[in-house]
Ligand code: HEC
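As structure tokens, one chain now follows by itself in the form predicted on its own.
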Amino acid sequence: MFHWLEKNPFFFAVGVFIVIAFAGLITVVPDFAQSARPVAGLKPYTVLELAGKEVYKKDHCIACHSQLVRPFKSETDRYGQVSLSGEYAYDRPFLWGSKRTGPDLHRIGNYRTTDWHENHMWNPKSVVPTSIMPAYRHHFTNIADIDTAYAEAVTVKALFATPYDAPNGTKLGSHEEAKAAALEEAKVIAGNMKNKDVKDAVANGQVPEIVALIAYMNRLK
């Protein structure tokens, strides 16, 4: 049989391809499936974080910022540990980005605070004098869409088996329970802010976009 294959280059090439492809599949696929699973301790986004993610997308932050630390020393020195595929298990859509007019944000929750984000979004040059980023002061008055964020959480729970309400996981509950939890989370963030209008809005049961956005940014670690 092998002599016959050696005399027929086409079938020999096909046979070699099949062997290599099979070996590649049994080597790559199990590891790929494992790396795509959520990393240990990863929880689904809270409703407030999802609302902040929608603000991030709505105002096209992805146009200038990536969320993908690549395996190069220059990047890990600046941004932290290389990004792992399992860290994006609950991201729909992924916000990897393709351009860095500004820095990568995947680990920003490790080295920036709520206070820093508040100052930066109000006046970027106050914390980064060379910044070319515009101010986003409308985030301090616009109200975040908590209802749509809750609907998104319910959708990904149903369609993608996102483990909301799992033991030791992110609690979702009913619409009213989720809104109450988002407001409590917002109160903690607003408590670390200086803007009086933001504090008053949260005290009155509303969540400004800046609070939701900061919740999302603080999540990125």
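Throughout, we count residues from 1 along the sequence that is shown. These numbers were taken from a predicted model, which means no experiment stands behind them.
The same protein also has a form predicted in complex with heme C (HEC), omitted here; what follows describes it.
Partner proximity in the predicted complex, defined as non-hydrogen atoms within 4.5 angstroms of heme C (HEC), places exactly one of 40-48, 167-175, 148-156, 62-70 at the interface: 62-70. Taking the partner from the other structure, heme C (HEC) in the predicted complex has a heavy atom within 4.5 Å of a heavy atom of residue 108. In the predicted complex, heme C (HEC) lies farther than 4.5 Å from every heavy atom of residue 94. Contact check for residue 86: no non-hydrogen atom falls within 4.5 Å of heme C (HEC) in the predicted complex.
In the predicted complex, heme C (HEC) stays beyond 4.5 Å of every heavy atom belonging to residue 98. For the three marked residues, 112, 116 and 128, a heavy atom of each sits within 4.5 Å of heme C (HEC) in the predicted complex. Residues 120, 121, 124, 128, 131, 132, 133, 134, 136, 139 are the ones in 119-143 with at least one heavy atom within 4.5 Å of heme C (HEC) in the predicted complex, listed in sequence order.
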